[in-house]
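First comes one chain, alone, set out as structure tokens in the form predicted on its own.
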Amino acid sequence: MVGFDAVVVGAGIIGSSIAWRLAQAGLRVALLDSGRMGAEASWAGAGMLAPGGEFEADSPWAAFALENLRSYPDFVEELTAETGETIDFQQLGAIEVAFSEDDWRLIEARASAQSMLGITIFRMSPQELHEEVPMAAGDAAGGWFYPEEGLVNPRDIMRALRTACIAWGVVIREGVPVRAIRPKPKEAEIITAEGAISARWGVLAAGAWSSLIPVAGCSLPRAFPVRGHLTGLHLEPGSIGPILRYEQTYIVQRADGFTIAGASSEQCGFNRALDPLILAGIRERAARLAPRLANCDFAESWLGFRPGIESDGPVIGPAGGTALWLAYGHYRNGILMAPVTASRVAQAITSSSEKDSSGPTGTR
């Protein structure tokens, strides 16, 4: 494969969104993945768009998460308009449930800090909670409501991104492992099992697998897998409402009624074996939030590998002074942070391409 302006390594939601944006800007783009497009963390994710469940203190990444949250409606609208694909995107809010005075104190302190970040929060009485979520536990003492938060079905997003990338001429190559990347100031060479690909730009967006790809001459923050279990069942559409959270447990419901409970967090490499005890614990904690779930049959269980990172946040930017851009390490927020990550990387690359009228692949 020759003649590309950019080669994106990793076809999850981050890499695919970047490929789409680069192609929209007129670049010739190849999108590579060792497996199938969007078949790993992007397929496994529950799809919560919920900075309030992630960030408690002021940081660049908290602001970045909020920027992404507020960009999501336009992101989904554009994808839908371009592709005609249906995307399950709901802005129903999220509720952090309290059961005790200790819970109230902890949540109230966090809510106070979060409000300073620009996160919108309202306190809910027990009556308001049960009016909003009749299925919530009867002994819940109320909660804090995050009205801006929502969810998206990442599998819908990935289906739309495939359609959009193809429409813009992105060459998608699945089942193509990348063995190494050799970045230079004006070129990135991508070494695959099928041979070498030279492009004016390279993008490394392989999620938890990013650090398994040697990058010549660069010392990069290490990515690693954090396994997470999820389990789901079918309920009546609209029977849950907002996202429910308590400590490390959440319940989200998609538009068709499929309801997901999660999650776990284990550092055990790329171990794909489902753990029955972990799944039983998730179901037990979910039933604490919504007791009706205790008597339901969970139809599906699965896991995914979040891209952990040895850094304060995702790695988004160039690798030194080379033509390789990095976009990995989003941990639990890859679905949330895809819109602005893609825009920033694509804008930086296209701006540089406009200044550089010649390159190894004949870029404008």
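No experiment lies behind these values; they were computed from the predicted model shown. Residues carry their position along the shown sequence, with the first being 1.
Another form, the form predicted in complex with a small molecule, is not on view; read the next lines as being about it.
In the model of the complex, the small molecule lies within 4.5 Å of some heavy atom of residue 14.
Contact annotation: residue 28 falls outside 4.5 Å of the small molecule in the model of the complex, judged by heavy atom distances.
When the small molecule is considered in the model of the complex, residue 34 lines it closely, a heavy atom lying within 4.5 Å.
Under a 4.5 angstroms non-hydrogen atom cutoff, the small molecule in the model of the complex has residue 250 among its neighbouring residues. The candidate stretches are 216 to 224, 114 to 122, 198 to 206, 135 to 143, and the one lying within 4.5 Å of the small molecule in the model of the complex by heavy atoms is 198 to 206.
Residue 230 is the only one of 230, 87, 290, 172 with a heavy atom lying within 4.5 Å of the small molecule in the model of the complex.
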